[in-house]
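So this first bit is one chain, no partners, the form predicted alone, shown in C-alpha cells.
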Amino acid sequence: MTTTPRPTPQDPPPARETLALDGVSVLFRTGSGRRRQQVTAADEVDLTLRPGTITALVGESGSGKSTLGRVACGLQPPSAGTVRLDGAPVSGPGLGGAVQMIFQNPAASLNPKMTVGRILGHAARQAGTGRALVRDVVSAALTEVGIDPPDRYLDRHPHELSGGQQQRVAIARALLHRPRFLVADEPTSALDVSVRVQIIDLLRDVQARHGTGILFITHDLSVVRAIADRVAVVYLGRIVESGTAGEVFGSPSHPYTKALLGSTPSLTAAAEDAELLRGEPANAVERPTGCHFHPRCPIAEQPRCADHDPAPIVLDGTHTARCHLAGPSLAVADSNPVEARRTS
C-alpha cells in the first residue's frame, strides 16, 4: 500500500484542498435611533488558505484582521460572501471541526475553574476520543507542545502556569480536534520576547508535522518574516497587498505596506529613509471615497485616488496590490473576483 506525501509550501496541494473566504464582508451596527451607525469591518475580502502553508494577516489595530480570523473559523458569520472548505460552503463554529482558533490571551481562553487535565479531556472527548483513552491522548498532546512530563501539569489550574505554558495548553487543546487549519490571533503578543520565539517555533513544528494550514494574525512584522510563507496586508477591512513573503518583503508595492515596513526598527536603515505612516487610521464608519488609504498616502494623485476605487492588480506571480500606482493599468475585471462582482 502506498501513501501520498503530505503537501508542503514547495509542493502545493490540489486547489480543492483549501479554506477560502470568497467576497466576505462583515458589517456591524452600533448605537440606536438617530445615532445608529454601520461599521464595515471587512469589505469584499478574498483570501485562500492551504494546508502546510502559514499565511500572515498584518495591519494596524482596527484594520479588521481579527474579524477576518473569526470568520475563517466560523465564529463570526459574514454579512455577505461565503466561506468555502474544499470548494463547498460551510458555516458554524469550527466549520465542522476543520478549523480551530488560538486566541491572543491564553489565560482568558482557558476556564480558570478547570484543571489542565479536565480542559484537555473535554476537548479530546469532543473530538471523539473514547473515555478509556482520554488520559493517554491528553498526555501525548501535552508532550507534543513541549509540556513534559505531562503528569506534573494535569492537576494544575491555568493560573498556576506561566503565560507560555498557558499558550502551549491552548495549542494542545486545538490540536486535539485534529484540525486542518488553525487561526492564530496575535498568539505571541502577550508573551515575553524569549517565549515568543518558542511559540513561533512550536507553530512551525505543528505545520511541518501535521501539514496544518495556519492563518497567523499579527501586527509584528518581525514575526511575519520568521514564520510566514504568504502575507496579506489589511487596511480598513480590505486586503491591499498580498503575495509570498519574499514578494511582499522584497518588493512592497502598496504605499501602506511600504509604510508598515518603514516603521519597523532597523539597525541598518537611516531614520530619514523610512516611509512612516502619517495621520490617524480612517474612520470605519465614514470611510474615505476612492482609495481608502489616499488621505494618508504620500504619493496619492488627485482627483484620481480620491474619486476612484482601485481594483487589485497582478504585479508578478501571486503578488497583487490594490493601488492605482502599484503597477501598469490592467483590465482586471475578467480575472479578478472582487472587480468582477462589483461590475456584475
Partner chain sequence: MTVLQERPAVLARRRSWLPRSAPLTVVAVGCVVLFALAGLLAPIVATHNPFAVSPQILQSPSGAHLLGTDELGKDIFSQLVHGARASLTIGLAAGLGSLLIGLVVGGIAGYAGGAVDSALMRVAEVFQILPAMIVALVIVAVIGRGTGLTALAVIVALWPQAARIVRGQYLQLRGAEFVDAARLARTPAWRIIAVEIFPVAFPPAGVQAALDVGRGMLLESSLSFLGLGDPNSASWGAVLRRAQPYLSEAWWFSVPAGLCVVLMVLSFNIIGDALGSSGTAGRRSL
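Positions refer to the first chain, counted from 1. Being a predicted model, the structure only gives us computed values, none of them experimental.
Omitted here: the form predicted together with its partner chain. The next part is about that form.
Here is the short version: of S253, S139, T212, S109, the single residue with a heavy atom within 4.5 Å of its partner chain in the predicted bound form is S109. This chain is drawn without its partner chain; in the predicted bound form, the residue among T82, Q126, S79, T244 with a heavy atom within 4.5 Å of it is Q126. Taking non-hydrogen atoms only, Q207 never approaches its partner chain to within 4.5 angstroms in the predicted bound form.
Put simply, R131 is far from its partner chain in the predicted bound form: not one heavy atom of it is within 4.5 Å.
Its partner chain is not shown here, and in the predicted bound form it never comes within 4.5 Å of any heavy atom of D86. Interface membership of H177, defined by any non-hydrogen atom within 4.5 Å of its partner chain in the predicted bound form, is confirmed. Across the proposed site, L75, N105 and Q165 without exception bring a heavy atom within 4.5 Å of its partner chain in the predicted bound form. Taking its partner chain as it sits in the predicted bound form, the stretch 58 to 96 comes within 4.5 angstroms of it through a non-hydrogen atom at R70, C73, L75, P93, G94, G96.
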